[in-house]
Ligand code: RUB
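So this first bit is one chain, no partners, the form predicted alone, shown in structure tokens.
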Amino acid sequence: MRQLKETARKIKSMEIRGAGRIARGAAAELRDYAGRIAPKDIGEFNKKMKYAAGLLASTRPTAVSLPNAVRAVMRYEGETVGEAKSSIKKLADEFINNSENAVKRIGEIGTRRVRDGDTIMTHCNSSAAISIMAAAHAQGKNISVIATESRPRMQGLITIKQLDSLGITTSLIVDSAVRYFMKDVDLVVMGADAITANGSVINKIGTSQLALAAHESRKNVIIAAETYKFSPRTILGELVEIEERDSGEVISREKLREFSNVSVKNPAFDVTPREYVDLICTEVGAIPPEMAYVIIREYLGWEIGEMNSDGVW
């Protein structure tokens, strides 16, 4: 139980960050937790697994990859504890392997949209988005990247470190400069934490204003996202919850106490309308945002009828 709670804490505190890493971390923890516990019967085992799944899924409400990963593992079968454990291990390992392969495949597909000489703008830190740039660079395309700081957590610093290690020429800019530098950009490539059934994209705060600036400048916006980042619940109109994070990420509590009439708003994500997205690049192909429902229906394997009134699959 201690290890389970520690993993949940790391996901919640963003020690484990990034939608794909969160999903793989949750799947691995469910697998390992199942292997550690010694229940007296299958009933007790199922109860403990349900608790573990709920704990992990509740840590980051916006990252749809997390509950999708949990659901994928919790589809386990078995009439005995041994059979159930074996099923969980198989499902978790398959999910993790498919997730890792998906990022590579997205790079292979997405690089077809990158031209030699392109300047790409990106936001936050996305393994899927970086895979497109990495694949283009590996093909010998002379690309350069403009990366935002991505305040307040400064994930952009992770991005520039990864791009620099690949040998890709990169410029770091403050978030508020995206419109100023859009004139120098040929293509925008970003990741996603969730994609709704109508093709809207939920991603790091600031994504929507970058996409708006690109739309205004008639620059294409590509979203790189694994299929497990699509949200089945939005088929029935459920909104993706936008996580509000601690004010301490923006200003220290000591500094904030100097003010009598000031509060801090710190949403971690925003919603980009599908009208500002030209293409969503997944491991199963590149699609227009209007086809998001097809991904949910054909690749996630969950139909509307399988979801109960509480939103549980």
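Each residue number is its position in the shown sequence, starting from 1. Every value quoted in this text rests on a predicted model; they were computed, and no experiment measured them.
Not on display, but discussed next: the form predicted in complex with the ligand.
- Proximity to the ligand in the model of the complex, defined as a heavy atom within 4.5 Å, holds among N125, T227, T148, T196 only for N125.
- The candidate site formed by R105, R112 and C281 is entirely out of contact with the ligand in the model of the complex, as no residue has a non-hydrogen atom within 4.5 angstroms of it.
- Looking at F45, you'd find every heavy atom of it more than 4.5 angstroms from the ligand in the model of the complex.
- Proximity of V73 to the ligand in the model of the complex: non-hydrogen atoms within 4.5 Å are absent; the residue sits far from the partner.
- Contact check for Q155: a non-hydrogen atom falls within 4.5 Å of the ligand in the model of the complex.
- Mapping the unseen interface onto this chain, I132 falls outside it, with no heavy atom inside 4.5 Å of the ligand in the model of the complex.
- From the list 117-125, 83-91, 213-221, 171-179, the contact stretch for the ligand in the model of the complex under a 4.5 Å heavy atom rule is 117-125.
- Contacts to the ligand in the model of the complex (heavy atom within 4.5 Å) from stretch 163-198: G191, A192, D193.
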